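What follows is one chain in structure tokens, specifically the form predicted alone.
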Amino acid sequence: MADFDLVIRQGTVVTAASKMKCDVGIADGQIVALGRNLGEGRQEIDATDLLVLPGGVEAHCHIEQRSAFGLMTADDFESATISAAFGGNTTVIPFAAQHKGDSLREVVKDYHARASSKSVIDYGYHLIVSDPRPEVLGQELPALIRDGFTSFKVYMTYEMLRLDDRQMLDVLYTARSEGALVMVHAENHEMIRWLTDKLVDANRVEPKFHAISHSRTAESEATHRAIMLSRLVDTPMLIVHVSTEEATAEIRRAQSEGFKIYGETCPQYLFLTAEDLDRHGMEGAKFCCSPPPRDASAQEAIWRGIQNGTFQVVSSDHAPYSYDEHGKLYAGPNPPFTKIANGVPGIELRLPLLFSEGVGKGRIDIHKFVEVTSTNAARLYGLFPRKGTIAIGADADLALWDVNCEREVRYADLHDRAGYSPYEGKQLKGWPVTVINRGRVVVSDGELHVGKGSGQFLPRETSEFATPTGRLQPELDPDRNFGVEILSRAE
């Protein structure tokens, strides 16, 4: 009789903190043994010369999500999770997006119906809060947080999604009271709108002007302001998809002062530049996202932010809009930049890009790679230690990497439905060749081995990162006689 359901033999097991050559014994979907010469498994995989890493936790992606303008992403939960799995991921956390007038509870119910029948790997949701009405903040949001939706995103730009500063404070206060982590899209809406109006008035409407309208200053100012709002009510905050040196510096400064401000960046800010938006014809539309890619100097600043720990996570921000009338070009074959769908695909290439260009070229070590692609996301979003590490008792979520596997990026080899890749033609070295989720072999030998709907929904715990510092601003300190005790409920 076999001792294990599955044994992975002779691989080099790597976590955010350790590396060792050993076998991994798996039973009932969990890791139950780590050691040399483990007993027999009903199924065995020879991982000699392979790295055995925790499965990637892709914690910022847009799947089967309708935009505020009614435009649906190209990927549904089946195609997106298949693509994620082929890229070495075993968990995804996309967004359940509230639009104005929506009930958050009904939004979640709708996403459950979409995901449960299609996802091939495990999944949870962040919420998007765009309409913080009293009943949403007083009833729906707290109840959903307690049900395991322990993170949500807010926007400081986009007319149909953005919150003003007063609304931001209300939302941050609710998050503090309930122990949720707030993710923030930080760009100054009025700066963007003013620049956009000037550019359109001058008939400068080609894709490249999208990058000009979303200025660096708009990002850094909003990042600074978001941090100040966070500090006022002592609510931890994650600034997402950071693209500039200036915004990185704002986050680093807050961290150095002891505030719980976290940072996320994405491959587009490491491997693309604003020049990509200036390609022939409408080709630049393929690279329009917000914030936009910047330049080589900004790329180096982002790498430094990963190296020195300013950024806790590197996510894809996968927002797949097809390059046709159903996606990027919904407003016609030659739309102005104001009417180009924002977002780039990348869920399958997040890990290979960072492995090849980061680990392979000595910018980061393998432990930092695991940390920013899996472990920290699991910790930030209340999934650790079930996800994000290789340890006894953790889910058997593993990716076996061939560090010598060389591939050229070709969209034809990818599994999303965007129809193109912004990284087409890039030469990469290092690839996940076998991917295992809860002990199930999801991908091996270039083939998918599980059916749609076989992924599991993940209710999440309160994040260890979401605990307030206890450093209230003096004017809000209930122990001081200013007649203001609005934080007493949170205490």
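Here the structure is a predicted model, which is why all the values come from computation and not from measurement. Note that residue numbering follows the sequence shown and begins at 1.
Missing here is the form predicted in complex with ligand URP; even so, the following discussion is about that form.
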Ligand URP in the predicted complex: contacted by all of His241, Cys289 and Ala319, heavy atom 4.5 Å:
yes
Can any non-hydrogen atom of His185 be found within 4.5 angstroms of ligand URP in the predicted complex?
yes
I'd like to check something about Gly343: if you look in the predicted complex, is any of its heavy atoms closer than or equal to 4.5 Å to a heavy atom of ligand URP?
yes
At the 4.5 Å heavy atom threshold, is His62 in contact with ligand URP in the predicted complex?
yes
Hey, in the predicted complex, is Tyr420 touching ligand URP, heavy atoms inside 4.5 Å?
no
Only one of these stretches, 98-106, 311-319, 377-385, 359-367, has heavy atoms within 4.5 Å of ligand URP in the predicted complex; which one is it?
311-319
Partner-contacting position among Tyr123, Tyr155, Phe337, Tyr262 - heavy atom within 4.5 Å of ligand URP in the predicted complex
Tyr155
